[in-house]
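Starting off, we have a lone chain in the form predicted on its own, written out as structure tokens.
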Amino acid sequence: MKRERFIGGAAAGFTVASLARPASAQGKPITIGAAVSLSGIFSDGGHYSLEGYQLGVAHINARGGVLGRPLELKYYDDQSAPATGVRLYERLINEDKVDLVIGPYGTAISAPAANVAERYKMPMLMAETADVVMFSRGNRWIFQGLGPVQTYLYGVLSMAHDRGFKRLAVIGGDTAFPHALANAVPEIARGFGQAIVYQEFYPGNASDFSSVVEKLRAADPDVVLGMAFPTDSLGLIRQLKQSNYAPKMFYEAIGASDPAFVKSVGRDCDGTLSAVAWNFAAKTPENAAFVRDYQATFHREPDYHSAANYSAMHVFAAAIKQAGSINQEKIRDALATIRVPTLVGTYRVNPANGIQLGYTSYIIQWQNGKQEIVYPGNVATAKPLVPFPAWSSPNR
């Protein structure tokens, strides 16, 4: 792969092109630039994110575009490297002359990309960061497009509290988002009378988790909170089985949220909890159309990154429409004040800092090789299975 991979246009190389541009959107395209992790340690989520952006653009164009103009997405592969992401956003703005920019995948790239948005005074909707720290630094050009990181954890710790589980272990890769998740644990845990008895950050590209699991066994927590991406989530679950270690509750932040997780570990995933930012079981026409068209276009199930980025593109379109032009300041003001119903909730931010107020997260659990929503109860598709089943259990 070339060091900089560019693919121009929302539908290039994909069947999204089959969602034809209508006659009413024949003006000069509004170009939106993004750097997305298509290789490197964040590439699993990065591909879902890109596909969400692409389908969002296709659907918006199929309905007439914005201001009578079609949207066009231009993107580069940031290779999961923050410095590369910054350089690519600079390129999109200075060389490609995009009209607007939208956020990259994940906290590690989003945090430095936010500085580019501020430097050029271009509004950036951050569809892929739950961390709230970057929104407390006085940057008026960035807006959060996921529920805050606390929403990823509250449900699982509430479930643990209801069962009398008080001892927590926190582990994760030594990258930005796992640290953001870990930093949010103490305050929530104190409210539930829980305490962290062990914490470790292993290298972000780790492949051997044997020592991590043995340290967990020695610490004897009730709940293991794995702040893990897909690759280390798979490594951890395999090592738990190899070591014959089963905590009472096992949570893998976002890695186990991938619908394809079961294809790699089979029924060994059963009992694993994770967080998603999208109620995939919602019985609405919009949700059904999104899932149907995503499957038809990309030939796989969408995950919550897909839904969040799809939603972000619709929010951006609503902000452009409200601004009435591609005026950066007017679009910024629109993003700060509008409310937009989306697949992942009603977009609504704190106008003072851009922190998301309208989105939340859901806790899912793998049961019988299928994802089920187990929290909150009002949208649950199944009851949680606790404790995490022993590796010798006939239920596996």
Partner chain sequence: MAFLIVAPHRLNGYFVNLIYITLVYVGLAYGWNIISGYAGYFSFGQITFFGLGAYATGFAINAFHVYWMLAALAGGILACAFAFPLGYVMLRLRGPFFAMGMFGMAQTVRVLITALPATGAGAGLFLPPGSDVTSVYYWTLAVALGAIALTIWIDRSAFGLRLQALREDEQVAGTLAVDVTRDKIAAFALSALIPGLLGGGFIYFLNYIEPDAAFSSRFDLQSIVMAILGGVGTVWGPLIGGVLMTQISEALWAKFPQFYLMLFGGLLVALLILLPHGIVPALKRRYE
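Positions refer to the first chain, counted from 1. Since this is a predicted model, take the numbers as computed values, not measurements.
Omitted from view is the form predicted together with its partner chain, to which the following refers.
Annotated contacts: Tyr75, Thr84 and Arg137 all touch its partner chain in the model of the complex [non-hydrogen atom within 4.5 angstroms].
Screening Ile363, Ala334, Ile41, Ile32 for any heavy atom within 4.5 Å of its partner chain in the model of the complex leaves a single hit, Ile41. Put simply, of Ala260, Val133, Ala195, Ala289 only one has a heavy atom within 4.5 Å of its partner chain in the model of the complex, and it is Val133. Heavy atoms within 4.5 Å of its partner chain in the model of the complex are found in exactly one of 152-160, 170-178, 212-220, 187-195, that being 170-178. At the 4.5 Å threshold, heavy atoms of Gln79 reach its partner chain in the model of the complex. Within this chain, Asn244 is remote from the site of its partner chain in the model of the complex, having no heavy atom within 4.5 Å.
Thr297 falls outside the set of residues with a heavy atom inside 4.5 Å of its partner chain in the model of the complex. Contact annotation: Gln199 falls outside 4.5 Å of its partner chain in the model of the complex, judged by heavy atom distances.
Looking at 105-120, the residues that come within 4.5 Å of its partner chain in the model of the complex, counting any heavy atom, are Thr107, Ala108, Ala111, Pro112, Asn115, Arg119, Tyr120.
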